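Read the single chain below, which is given as structure tokens and is the form predicted alone.
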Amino acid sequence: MIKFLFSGLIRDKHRSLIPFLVTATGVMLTVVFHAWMTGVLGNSIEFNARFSTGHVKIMTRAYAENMSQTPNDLAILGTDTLMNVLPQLFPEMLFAERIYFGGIVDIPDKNGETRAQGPAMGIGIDLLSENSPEIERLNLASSLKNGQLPVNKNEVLLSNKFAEKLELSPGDTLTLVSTTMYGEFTLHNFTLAGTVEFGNTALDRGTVIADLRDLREALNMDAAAGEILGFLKTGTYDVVQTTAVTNRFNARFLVEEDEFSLVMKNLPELNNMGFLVEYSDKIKGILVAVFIFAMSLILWNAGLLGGLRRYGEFGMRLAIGEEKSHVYLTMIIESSIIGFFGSLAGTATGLAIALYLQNQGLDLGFMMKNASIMMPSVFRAQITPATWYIGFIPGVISAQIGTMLAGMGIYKRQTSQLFKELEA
């Protein structure tokens, strides 16, 4: 019977084409919306992870307990050896050393006397290595306002507002006044290579970005780093993968009695990111649920109207002796066939669009000209396992419910009444 009904739908396009196109379009929109919302809400988490937390973060246990103070006297030692071991133990991850520090930026005049000063917070990353992923990870190239990225030893980047406040231009000399890992007073001269815009008031007020090797020399941190950030090679945070990595690392390296033993923290455990992750998941769930409900109403209505329009046909079938239960059953099966293939086509089309948005993204930088580092200029969709099946909820279930409700009218009407509707 299913083969017979399927052949009938193929031959009678008036009965199948419009419901198929409506279902496929609704499912496609649902799939694209789910992937887009997942990607956009995930972008805020990703950019926080790239700048400060990573998907996971390695520290000494004592550093982790005082993490808000960035205590470099409790930094990780022997990172050159550790960075060779980590990729072998966790091949699914990429690791990056970071040094966060504070100090004063001193600007000398032509006589070498202090002309201007300002408190600064800074970050040391790998700027000068060939093909360093940190430049792309922090979106530094597109965030430049003046000058260029550092290409030589002892060149740094400053936040644009900080440089304007100190009346600095690319090529000028500045002095970092800070303390070493051992608590010693230190002075180190740098050259301003360029300025960047963070789009965040606190960071734009006074931030320095220096090369990791230069900063190690300035702070006497040879083969040391305050933190090592880990990023999944997929480029997106995954709680299951990172939890497994964290458990394996801590089982191998963490010693509760040793305050300098290494500990790995998962992203939700860092900088109150747990709230942001949970909040994003709930907001995404609410928005997707509302959209699915709206699409379900549309497809439910399409199924209902499609059934109502066929009351005349049902009257004829009843008049020639077909039972009401059989007519109702064939309606359900036809609706299931249209819903399934419409959902299949809509899901395939939606996934193709979502894949394009995931790989190419949508450039909305013109809407956020001053938020280039802390907010992405290119927003991307993200395909998850749920994206593959979520379209079938409105595509099959909702259309089916509409058809079932329309079919109930068959039992409420007499055969003569349904046949009369055929004449109309």
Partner chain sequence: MKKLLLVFIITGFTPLLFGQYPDGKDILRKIDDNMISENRYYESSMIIHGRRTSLTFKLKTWTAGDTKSFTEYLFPVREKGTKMLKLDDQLWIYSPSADRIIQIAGHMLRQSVMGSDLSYEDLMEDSKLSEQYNAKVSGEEVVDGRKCWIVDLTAFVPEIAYHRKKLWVDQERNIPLQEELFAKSGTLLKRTRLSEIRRINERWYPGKILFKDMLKDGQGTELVIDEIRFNIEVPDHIFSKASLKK
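Predicted model, so just to flag it, every value in this text is computed and none were measured. Numbering follows the first chain given and starts at 1.
Another form, the form predicted in complex with its partner chain, is not on view; read the next lines as being about it.
Participant: Would its partner chain in the model of the complex be within 4.5 angstroms of a non-hydrogen atom of every residue among F95, N152 and Y237?
Facilitator: Spot residues vs its partner chain: no contact at all.
Participant: Please pick out the stretch from 104-112, 226-234, 333-341, 125-133 that is in contact with its partner chain in the model of the complex, where contact means heavy atoms within 4.5 Å.
Facilitator: One stretch meets the cut-off, namely 104-112.
Participant: Identify, from the list N189, N250, T243, Q148, the residue with a heavy atom within 4.5 Å of its partner chain in the model of the complex.
Facilitator: Contact check passes for N189.
Participant: Report the residue, out of L82, A75, L166, V263, that has at least one non-hydrogen atom within 4.5 angstroms of its partner chain in the model of the complex.
Facilitator: Result of the distance check: A75.
Participant: Is there a heavy atom of V177 lying 4.5 Å or less from a heavy atom of its partner chain in the model of the complex?
Facilitator: Within the cut-off, so yes.
Participant: Taking heavy atoms only, is N220 within 4.5 angstroms of its partner chain in the model of the complex?
Facilitator: Yes, contact at 4.5 Å.
Participant: Flag E184 as yes or no: does it have a non-hydrogen atom within 4.5 angstroms of any non-hydrogen atom of its partner chain in the model of the complex?
Facilitator: Yes, contact at 4.5 Å.
Participant: Is there any non-hydrogen atom of Q117 lying within 4.5 Å of its partner chain in the model of the complex?
Facilitator: Contact check for Q117: yes, within 4.5 Å of its partner chain in the model of the complex.
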